[in-house]
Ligand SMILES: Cc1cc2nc3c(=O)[nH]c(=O)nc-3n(C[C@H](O)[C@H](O)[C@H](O)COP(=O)(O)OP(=O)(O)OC[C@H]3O[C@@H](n4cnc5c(N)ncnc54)[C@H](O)[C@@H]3O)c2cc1C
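As a starting point, one isolated chain is supplied in C-alpha cells, in the form predicted alone.
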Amino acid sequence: MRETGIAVVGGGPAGLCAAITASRLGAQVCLIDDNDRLGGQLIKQTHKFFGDKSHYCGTRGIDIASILFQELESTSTRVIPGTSVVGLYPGHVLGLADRSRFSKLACKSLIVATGAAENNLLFPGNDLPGVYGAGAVQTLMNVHGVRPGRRVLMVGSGNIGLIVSYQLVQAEIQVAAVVEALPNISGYHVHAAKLARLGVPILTSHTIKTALGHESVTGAVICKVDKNFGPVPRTERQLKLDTICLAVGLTPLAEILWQAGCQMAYVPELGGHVAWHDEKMQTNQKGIYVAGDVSGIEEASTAMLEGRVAGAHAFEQLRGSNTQSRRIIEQARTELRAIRQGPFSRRVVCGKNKLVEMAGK
C-alpha cells in the first residue's frame, strides 16, 4: 500500500491549487483524478475570466488549466491520472481503481475537491438521444471538436447556459432560444447581451414542456410558466430542433464525504448536500478538507482560492504553521471576501453563513 502526507482527490481548479500550495510549502502530496487530463471544468472553458488580474482576468479557462498544470509540474506532487477513488476506509485509506487494477493509498490528510455533477430536468422525452447537459456539450465542442447538433434549445439562463449558448453560435450551431423559468435572467448580463446582439431569443418565465421524437430529438414544446412555475394554458410553442441542452444547476459530488462520516447538511444556496466545514475548509472529521464546488457551487475563481486555503491548512496540520503558510491563507481569505461582496455571491454567502450557524448547534 502506497502512502503520502496529503492526498488531493480531484484535479480541477480547486484540487490543482490545493496540491500546488501544499507541495510548495513542503508537504508530500499525491493528486488523484479520474480523467487523463487535469484541469476539470477549465479544460472546456474557452471564454475569458472576469475580475482581478490575480484571478486570471482576461485569460481563457483552457489557458488557466495549462498555467496551473505547469505550476504543478514544478512541484514534487505525485499525479495519478485516469484513476477513480472508489472507497475511503478507516485510517484515511483510499481505494483507487484505474482501467486495470485496484490499489490503496494511505494519507495523513485528505483534501476532497471532486467538483459537482450536472442536474437533470424531468419532462417527457428527457431520455432521448440529443438531450445533453451543458457541460457535456462544452466537452464535446471545446475538448473533442464535435458538434452536438445543428439547432439547439438551451434550458437555463445562468452563466453556464449563456456562455455555452454563445459557444454554440461560435461553432456555427443555431440556438433556437434560451428558456428560463425564472422571471429574470440569472447569469451575468454581459453574457446575455452578447446573445441578444446575435439575435438569440432569451425567453424568461418559460420552460420546456416536452421533447419530441422517437429515436432521437426532433423538436420540443415550450410554454410560459406562472409565478409558481406551473405551465400557463394555451401558451405552448413547438420548436423544430435536434438538440436540447440543460443548464439547470449543479449538485456537489460528495459521496466520499458521506462515506467518511462527515456531518452533512442540505443547503440549497450551496447546491444541495455539502459537508459542514469551518474557515479552514476542514470538515468535522479531523484531517479531511473540502474545496471548490463540492463545498458549495460557485465560480472557478473562488474554487482556486478555497484550494489554496485547504492546501495551506492541510500542510499546517502536518508540519505546523509558518510565515509563508499564514501569508497564503490570509491573502486567499481576503480575496475570497472581496469576490463574495458582489450581488451574484449573495446566495453563496447566505449558504456559508448557515454552516457557521451550524457550528454552535
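Remember, predicted model here, so these are calculated numbers, not experimental data. Sequential numbering from 1, following the sequence displayed.
Not pictured, yet referred to below: the form predicted together with the ligand.
For the ligand in the predicted complex, the listed stretch (207-215, 249-257, 103-111, 149-157) containing residues with heavy atoms inside 4.5 Å is 249-257.
Proximity to the ligand in the predicted complex holds for all of V9, G40 and V164, with the criterion being a heavy atom within 4.5 Å. Residue in contact with the ligand in the predicted complex (any heavy atom within 4.5 Å), chosen from Q317, S301, S325, Q28: S301.
For the candidate set I288, V137, V131, V85, a heavy atom within 4.5 Å of the ligand in the predicted complex is found for exactly one residue, namely V85.
Taking the partner from the other structure, the ligand in the predicted complex has no heavy atom within 4.5 Å of any heavy atom of L72. Interface residue remark: E335 is not counted as part of the site for the ligand in the predicted complex, having no heavy atom within 4.5 Å.
Within 4.5 Å of any heavy atom of the ligand in the predicted complex lies no heavy atom of A192.
Proximity of S66 to the ligand in the predicted complex: non-hydrogen atoms within 4.5 Å are absent; the residue sits far from the partner. Interface residues of 12-33, taken as those with a heavy atom within 4.5 Å of the ligand in the predicted complex (partner not displayed): G12, P13, A14, G15, I32, D33, in sequence order.
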